[in-house]
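The chain below stands alone and is given as structure tokens, in the form predicted on its own.
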């Protein structure tokens, strides 16, 4: 017949063992769940508007890469002064594209993919056009956002 001191000691050991097991499971489960949950990015929600700089800082027939959320965007000022913007991610393998002013094409250096100034794939392996972005010019400043 166990004495009352044994019951108290057994209860204490069960409490310590249960608390330790719960702490261990929490320490293992939380990082795994955090790893599996995608990070929140503003650009993915479609509500983000990003400044791409002043219009006059971008010469005619030139382009530049700006950060748009967690992806690069390319802003191009065409020869006719129209400003266009696209996600600068090649639709073939996800490489960053760049503007080639001599040929007036958007070029992907990975596999020589080419897009016209409307983002349409014209040669090389890219299977789809570039994702267009909405351009808004206010007070000589270029703002880009996702199209609705």
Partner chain sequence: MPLRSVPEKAYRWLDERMGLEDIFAFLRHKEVPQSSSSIWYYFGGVSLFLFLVQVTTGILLLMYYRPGTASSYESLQFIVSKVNFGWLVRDIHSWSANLMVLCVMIHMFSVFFLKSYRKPRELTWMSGMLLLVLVLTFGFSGYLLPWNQLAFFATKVGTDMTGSVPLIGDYVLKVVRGGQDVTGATLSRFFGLHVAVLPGIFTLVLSFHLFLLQRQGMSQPVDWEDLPPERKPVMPFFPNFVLREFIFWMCALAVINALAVFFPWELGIKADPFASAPAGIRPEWYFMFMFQSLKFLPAHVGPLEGEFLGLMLFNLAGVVWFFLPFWDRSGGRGGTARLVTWLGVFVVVYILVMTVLGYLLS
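What we label the rigid core is the largest C-alpha set whose atoms superpose within 1.5 Å from one form to the other. Bear in mind the structure is a predicted one, so any value in this text is a computation, not a measurement. Positions refer to the first chain, counted from 1.
Keep in mind that the form predicted in complex with its partner chain is missing from the display, and what follows is about it.
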query	finding
Listed residue (81, 37, 56, 26) with a non-hydrogen atom within 4.5 angstroms of its partner chain in the predicted bound form	37
Contact of residue 31 with its partner chain in the predicted bound form (heavy atom, 4.5 Å)	yes
Residue shift check between this form and the one not shown, rigid core fit, residue 127 Cα at least 2 Å	no
Post core alignment: residue 14 C-alpha displaced by 2 Å or more between this form and the one not shown	yes
